[in-house]
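Given as C-alpha cells, the chain that follows is alone and in the form predicted alone.
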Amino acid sequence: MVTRRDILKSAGAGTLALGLSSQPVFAAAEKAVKMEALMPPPKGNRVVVCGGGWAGLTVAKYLRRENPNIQVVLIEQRPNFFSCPISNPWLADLVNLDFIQYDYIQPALKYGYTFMNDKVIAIERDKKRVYTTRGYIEYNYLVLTPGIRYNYAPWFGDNKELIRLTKMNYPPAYIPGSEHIALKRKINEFEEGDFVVTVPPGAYRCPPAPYERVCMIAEVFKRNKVKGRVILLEPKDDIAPKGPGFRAAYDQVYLGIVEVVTKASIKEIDPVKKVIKTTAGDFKFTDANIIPPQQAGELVWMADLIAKDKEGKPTGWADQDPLTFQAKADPHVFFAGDVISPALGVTYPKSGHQANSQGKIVAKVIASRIAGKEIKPGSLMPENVCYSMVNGTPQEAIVINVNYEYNEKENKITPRPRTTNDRSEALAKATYEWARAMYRDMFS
C-alpha cells in the first residue's frame, strides 16, 4: 500500500524531474500530501472505480442500475476510450476509428455517475482514499480495473535504455493509444523483409490476439504486394487457443506470407541490431511488433494487493477471491478484468467480454453488500466470447465461447469451451454485431 511518505517521495521526484531547486521540491511535495478533498466525505454508499476500460465502464454503469442511490466515481487518465478488442481489424482498415473509439461523457451523463479525467498517483487503503493529481477522494468501496502493464524485466532486467528503445521502435500496441497508431503506420509503410510478431510468455491480454494480429498484418502485406513475411514467434508447443483455425488461415489465406515458429521462447533481444535470440534459433528482422510479458496494471501494485507464490514472490497479478473478485486482503476493494490471478484451477482469459462479465458480477456483489445482503459465492459466474478475424478478403472469422461452472463441493471452477475453427463470413458479421452490442452495453 502506498503511504503518505511514498506520496511525498513521488511528488519530490516528479518536481526534481522538472529541474527545480530543492525548496520548490519540498513545497510541491507538502502540497501533494495536504491536497484537498475533491468531494465531501461519503455517506456510506460511494464506490470509486479506477480504470475506464471494459471492466471499469461496466462496473460504473451497473452499480447505478443496481442502486441509483450509490454514488459512483469513475477515474480514468485517458481522455477518450479506445477499444483493444476489434483494434486488429482496424489495423487492416476493416473498420474505421469511430468503430473502436468513444467518449466517456455520454455514459456518465446517462447513468448518473461522475467521470474524472485524472491520473491516480496513490492509494491509502487504511484511510480509504484515492489520490489523483488534483486531490483525493474518499470511498466506501474501491474497484481497481487498470488493465495491464508491460514487464520487460525478463528480457532486459533493469536496463531502462534497452526497454525504451524496444518499446519505442517496436511498440506492443497492447495498451490503447499512440502505440496502436504507430503500429498501423509501420505496417502500412512496410515494403520488404521479415516482420516479426512475438507472443508473450505466461498470462497476457487476450490470448488469441497475437495470432489475429498476424492475420491482419498479412492482410495488409497481401493487399500492398509486400515482398516479405510475417514471422510469428510462439513460445508454446503450438498455437492456442483456436490453433486449428489460425493454422488454416495461415496455410490457406496467407500461404507464403506467414511463418510460424513454435517453442521459440525469447532469450535475448537486440533492438539496435534487430536480432531476437530464441530457444528455436536466432531471428534477424526488418521490423517487429514485440509484445512483452505482462502484469496487472500499476494501481494494483500501488494498493499492495499483488498475489504471491509459495516462495513469497509477487506473481504479478491481483490477489482476489475468484468468485466475488474481492481482494483477499481488503473487503472494501474489488478487481475486474485483466488484473486478476488464476485461482481454483482456472485462468480467466484477459479479454474484453470477460472484463464486461466480471464487471457485472462486481457491481451486483457491491450493491448487495451496501443493501445489507450477501450473494452466494459461485451463484454468479462470468462468461467469455472471443471472435478473431482471420481473413480480410472476404472478411471471415472464427470464435470461442466459454462458460464456467463452480463445483461448491470440490471448490473448483471448470471452463466449458466451444470453439468454431471453420472460418466464415457469417462469423465475421457476428464479430461486428457482438462488438456493437458490447459498446451499447457500456456506452448507450
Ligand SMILES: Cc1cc2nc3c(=O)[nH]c(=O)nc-3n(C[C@H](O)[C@H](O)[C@H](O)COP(=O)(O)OP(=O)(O)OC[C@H]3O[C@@H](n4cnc5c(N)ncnc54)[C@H](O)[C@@H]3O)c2cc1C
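Don't overthink the numbering: it's just position in the shown sequence, from 1. These numbers come from a predicted model, not from an experiment.
One more form of this protein, predicted together with the named molecule, exists but is not displayed; see below.
Taking the partner from elsewhere, every residue among G53, C84 and Y174 has a non-hydrogen atom within 4.5 angstroms of the named molecule in the model of the complex. Taking a 4.5 Å heavy atom cutoff to the named molecule in the model of the complex, the contact residue among K360, R205, K184, K128 is R205.
A single residue from the set Y111, Y254, Y348, Y104 has any heavy atom within 4.5 angstroms of the named molecule in the model of the complex; that residue is Y104. Among heavy atoms of N169, none comes within 4.5 Å of the named molecule in the model of the complex. Contact check for I239: no non-hydrogen atom falls within 4.5 Å of the named molecule in the model of the complex. Among residues of the shown chain, R164 is not one whose heavy atoms approach the named molecule to within 4.5 Å in the model of the complex. The closest heavy atom approach of V143 to the named molecule in the model of the complex falls outside 4.5 Å. Annotated contact segment (heavy atom within 4.5 Å of the named molecule in the model of the complex): 351 to 359, selected among 271 to 279, 351 to 359, 228 to 236, 304 to 312. Looking at 87 to 122, the residues that come within 4.5 Å of the named molecule in the model of the complex, counting any heavy atom, are S87, N88, Y104, D118, K119, V120.
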